[in-house]
Ligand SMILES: NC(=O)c1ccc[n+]([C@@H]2O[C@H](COP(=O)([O-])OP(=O)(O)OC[C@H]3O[C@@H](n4cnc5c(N)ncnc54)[C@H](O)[C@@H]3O)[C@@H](O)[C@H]2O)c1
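To begin, one chain is listed below as structure tokens, in the form predicted alone.
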């Protein structure tokens, strides 16, 4: 039997990048998957790929910064499947990539709202059902920027530090409630071959002083021990482990999958 056979998973940001890879890995492991994304066509495409793997795949078009929409999604999933076993909060934006003094207030608010607050909204909506059953997995997607801040990265780094704090505080509360059947963990990816890396590359090579490949090699890949970008599937494999019964004793952790960029 596959590790996630019969489980129901909700993955926000599931239409692309790391979120997409997690959706497909969960399906390969036996889970039915709700692919939540603010880009409907992407959600539909990934849901179709889930179904092609023999699992139920449902596309859900949503803005996860809309609290009422998140609550409606939680209700809809409960009505259709009767439960949510796994919640992955993967929706995110890259932030302003500017000096703090040059970061527009609205850009700061957007980054915090998408990367941090939306995760809180989703956890708050889906956790009660898990508490009733004393069963569930909550997996947040933070970043090595949540452990190792960098210049030109204040809004993104602050949001990802917040994700780790939120996840660890949740794990502690689950312990207070004696809900040992529920775990809460953060994954901290390094530089992963995703559309967000393409956006960062585009942002920093506008001057024309470096080619895209030079920038990716010297400014991104060189930052880790293995001198490479990771594949989204490497993050998805960690998510599948954390979602499984094998990881029932792992909670309150912020786990690096970063090719050795961060060693703590």
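Numbering follows the first chain given and starts at 1. Owing to the predicted nature of the structure, the values given are computational and were not obtained by experimental measurement.
Although not depicted, the form predicted together with the named molecule is the subject of the following passage.
Remark: of stretches 190-198, 99-107, 126-134, 172-180, the one touching the named molecule in the predicted complex is 190-198 (heavy atom within 4.5 Å). For the options 234, 45, 56, 63, the one in contact with the named molecule in the predicted complex, meaning a heavy atom within 4.5 Å, is 63. Residue 91 is the only one of 158, 166, 91, 77 with a heavy atom lying within 4.5 Å of the named molecule in the predicted complex. For residue 256, no non-hydrogen atom is located within 4.5 Å of the named molecule in the predicted complex, even though that partner is not displayed. Proximity of residue 18 to the named molecule in the predicted complex falls within the 4.5 Å heavy atom cutoff.
Residue contact with the named molecule in the predicted complex: residue 139 places no heavy atom within 4.5 Å of it. The named molecule in the predicted complex is approached by residue 39, whose closest heavy atom lies within 4.5 angstroms of it. Site residues 87, 119 and 251 are none of them in contact with the named molecule in the predicted complex, judged by any heavy atom within 4.5 Å.
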